[in-house]
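Here's a solo chain for you in structure tokens, the form predicted on its own.
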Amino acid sequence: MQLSLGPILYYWPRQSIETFYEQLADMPVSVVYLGETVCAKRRSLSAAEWIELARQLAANTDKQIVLSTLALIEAGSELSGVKKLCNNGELLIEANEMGAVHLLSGKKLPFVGGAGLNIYNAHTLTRLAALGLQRWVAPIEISHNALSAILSDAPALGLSEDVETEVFSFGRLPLAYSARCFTARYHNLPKDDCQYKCIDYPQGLPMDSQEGENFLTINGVQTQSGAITHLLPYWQEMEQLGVSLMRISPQPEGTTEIIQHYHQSIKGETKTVSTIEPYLSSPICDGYWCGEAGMIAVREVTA
């Protein structure tokens, strides 16, 4: 089992992004995803700057560097940015919506299928593989049993054994995207004049229920879970299914320690980080993986 580092889902200042990736050499991850996937108005780095950063990291590390595209495209300028990423000429792309798949398949370029493509059956997976998909990220709400069925059915439909499967395994789950910016709405601002309020919330804006539970997290146009999914206890189950990568979503603090904890647990090494509890800003959840309500914790552990 290998680990991947997903794209930063929040709006961080440029200096924070650069400082974060300076630590990359010390992270035992095999794949790193870069780029803005949530909102095109977040311009700490432009598309060209993301490409340049990706090239630098590819040249200076032994990790596979992948550029991730927006999950929701609403304007020609946003499509232009996606085209720049797809036309970078050397780096693999994670397509997070079908427009990017169309661009990449038209150029006969390989790609990673992001969770936003909503691949729920073996027929869809096989069809996308024929268009160039080399790896896919399972939908975040998929269960162990549902994923098992897909991976069991796909070979009979002609899916190559070289196609890799990745599971979002740590972080707040990206549940939905909207044309409306909820962070701007919270501040009584129109989306077109949001004043980039997202930058004030480096891990999103918590939204509690009337009972005081951390129900959801507002992240601009993206709605996330309130709880943090934590699937480390299930890594052996995933490996038996044929999952190749567990994705860890960047957090403003503790990402390196979380990755080290996952890596050492999987490799059976002595843990330098005995527990990730100090790095959890919310309760954990694993309900979706277990076929239950996504927000619950079936295993009450932080191992």
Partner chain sequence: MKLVCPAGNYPMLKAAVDNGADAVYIGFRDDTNARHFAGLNFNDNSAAKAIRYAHDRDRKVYVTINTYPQQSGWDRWQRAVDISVDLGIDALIVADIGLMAYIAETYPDIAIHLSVQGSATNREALQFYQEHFNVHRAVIPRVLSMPQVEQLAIDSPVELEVFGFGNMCVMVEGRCLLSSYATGESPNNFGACSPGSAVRWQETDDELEVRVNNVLVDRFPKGDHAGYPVICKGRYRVAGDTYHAIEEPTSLNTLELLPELCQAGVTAVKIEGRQRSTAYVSKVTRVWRQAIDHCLSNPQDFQAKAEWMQALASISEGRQTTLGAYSRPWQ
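Note that the structure is predicted; figures quoted are calculated from it, not measured. Numbering follows the first chain given and starts at 1.
The same protein has a further form, the form predicted together with its partner chain, not shown here; the description that follows concerns it.
- Answer with yes or no whether Y196 is in contact with its partner chain in the predicted complex, where contact means some heavy atom within 4.5 Å. The answer is no: Y196 has no heavy atom within 4.5 Å of its partner chain.
- Task: Examine Y288 and determine whether its closest non-hydrogen atom to its partner chain in the predicted complex is within 4.5 angstroms.
- Result: Within the cut-off, so yes.
- Give a yes/no on whether T165 approaches its partner chain to within 4.5 Å in the predicted complex, heavy atoms considered. No, T165 stays farther than 4.5 Å from its partner chain in the predicted complex.
- Message: Is it the case that N121, even though its partner is missing from this view, gets within 4.5 Å of its partner chain in the predicted complex, heavy atoms only?
- Response: Contact check for N121: yes, within 4.5 Å of its partner chain in the predicted complex.
- Contact at S4, R14 and V31 by its partner chain in the predicted complex, all three, heavy atom at most 4.5 Å: Checked in the predicted complex: no contact with its partner chain for any of the three.
- Would you kindly say which of V137, L133, L231, L216 lies with a heavy atom within 4.5 Å of its partner chain in the predicted complex? Exactly one listed residue reaches within 4.5 Å, namely L216.
- Residues in 141-158 close to its partner chain in the predicted complex, defined by a heavy atom within 4.5 Å, in order: E141, A146, A149, I150, D153, in sequence order.
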